[in-house]
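Encoded as C-alpha cells, the following chain is the form predicted on its own, with no partner shown.
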C-alpha cells in the first residue's frame, strides 16, 4: 500500500470519501444528501483529473494510475445517462464502483509523472483509451446487476428500476459497441505505430477474449432470452473478470510482457 501525501493524493482520498459517504446516505434513505455527496465526489474527481493533466502536460490516460483516475471521473456521467435515458437507476452501485476504481489510484499505483512515449503520441490515443474506459464502467454496472440477480433479487436496488436481468442486458448493449470500437481503434493504431493491424500481443489477445465473452453473452441472450437469467448473469460477471485480467494482470505480470508494457 502506498499512501500519497500529496495534493493529488488528497484529492483522490476526498473523492473516495465523498463517494462512500454518498453510498452510506443512500443506504439510510437520504437520497438528496446522497446525490449531493455524489456530485461533490464527481467534482473532486474532475479536479483531481485536471490537476494530473496540468502536472504531466498530457491527457492523463497513459498508465494504470491515470486509467483508474479516469474511471473515477467517468462513473457519474455514465450514472446520469443510465438514469435518464436507459431507466437503469442504481446510484448506490455507481457510488460503490466510483470508490472502488479509485482505490488502486489512491493506494496501489505509483503517481510519479512519466513522459508520453512516442507510441502514444497519436491522435488515436484519447479516443482509443476513452471508449474502453467508458465501456468498462458500463460492463462493471452490468456485472453488479448480474451479482444482484444471482443473489435472488427480483428488482433493482432503487425504486422504479428495471429487473436486474434486463438492466444487465441494457448495460451490455451499450458497453459492447464501445468495447468493439476500442478494439477497432486499437487495431488501426497498431497498423500506424507497429506496421500491422494485429500483433498477437498479450494485451490484444485478452482484449479480444473479453470481447468474445460478451459476444457469447449476446448470442446466448438472443437465443434464450430471459429463460435462463442466472446463466445470463454469469456471462456478464465472467466478462468483467476477463476485463480485470486485461487491465491489470496483463500489464503487471512479467509473463505477459508485450508491446503495451507502458501501461504499467
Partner chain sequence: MPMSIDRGFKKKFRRAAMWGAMALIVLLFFLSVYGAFLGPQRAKELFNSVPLTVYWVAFAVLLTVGIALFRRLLRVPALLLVHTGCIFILAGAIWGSEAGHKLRKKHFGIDKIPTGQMQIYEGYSDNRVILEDNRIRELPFYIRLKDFRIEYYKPGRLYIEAERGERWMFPVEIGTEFSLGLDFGTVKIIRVFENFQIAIDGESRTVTDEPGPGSNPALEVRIESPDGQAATRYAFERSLGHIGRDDELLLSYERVISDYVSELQVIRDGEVVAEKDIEVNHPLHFGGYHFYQHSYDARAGQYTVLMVASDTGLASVYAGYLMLCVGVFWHLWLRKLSKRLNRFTITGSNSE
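Residue numbers count along the first chain shown, from 1. Quick caveat, the model's predicted, so the values are computed rather than measured.
What follows is about the form predicted together with its partner chain, which we do not show.
Let me test this: is every residue among 74, 155 and 233 within 4.5 Å of its partner chain in the predicted bound form, going by heavy atom positions? Looking in the predicted bound form, the three residues 74, 155 and 233 all stay beyond 4.5 Å of its partner chain (heavy atoms).
The chain here is shown without its partner chain. Which stretch in 63-71, 23-31, 197-205, 37-45 comes within 4.5 angstroms of it in the predicted bound form, by heavy atom distance? It is 197-205 that comes within 4.5 Å of the partner.
Consider the chain as shown here, without its partner, and state which of 119, 100, 108, 150 has a heavy atom within 4.5 Å of its partner chain in the predicted bound form. Selected residue: 119.
Could you confirm whether residue 240 comes within 4.5 Å of its partner chain in the predicted bound form, counting heavy atoms only? Result no; residue 240 lies far from its partner chain in the predicted bound form.
Can you tell me if residue 216 lies within 4.5 angstroms of its partner chain in the predicted bound form, counting non-hydrogen atoms only? It does: once its partner chain is placed as it appears in the predicted bound form, residue 216 has a heavy atom within 4.5 Å of it.
Would residue 127 show up as a contact with its partner chain in the predicted bound form if we use heavy atoms at 4.5 Å? Residue 127: no, not in contact with its partner chain in the predicted bound form.
Would residue 211 show up as a contact with its partner chain in the predicted bound form if we use heavy atoms at 4.5 Å? It does: once its partner chain is placed as it appears in the predicted bound form, residue 211 has a heavy atom within 4.5 Å of it.
Members of 179-197 lying within 4.5 angstroms of its partner chain, judged by heavy atom, in the predicted bound form: The stretch 179-197, when checked against its partner chain in the predicted bound form, contributes 180, 181, 184, 187, 188, 189, 191, 192, 193, 194, 195, 197 at the 4.5 Å heavy-atom cut-off.
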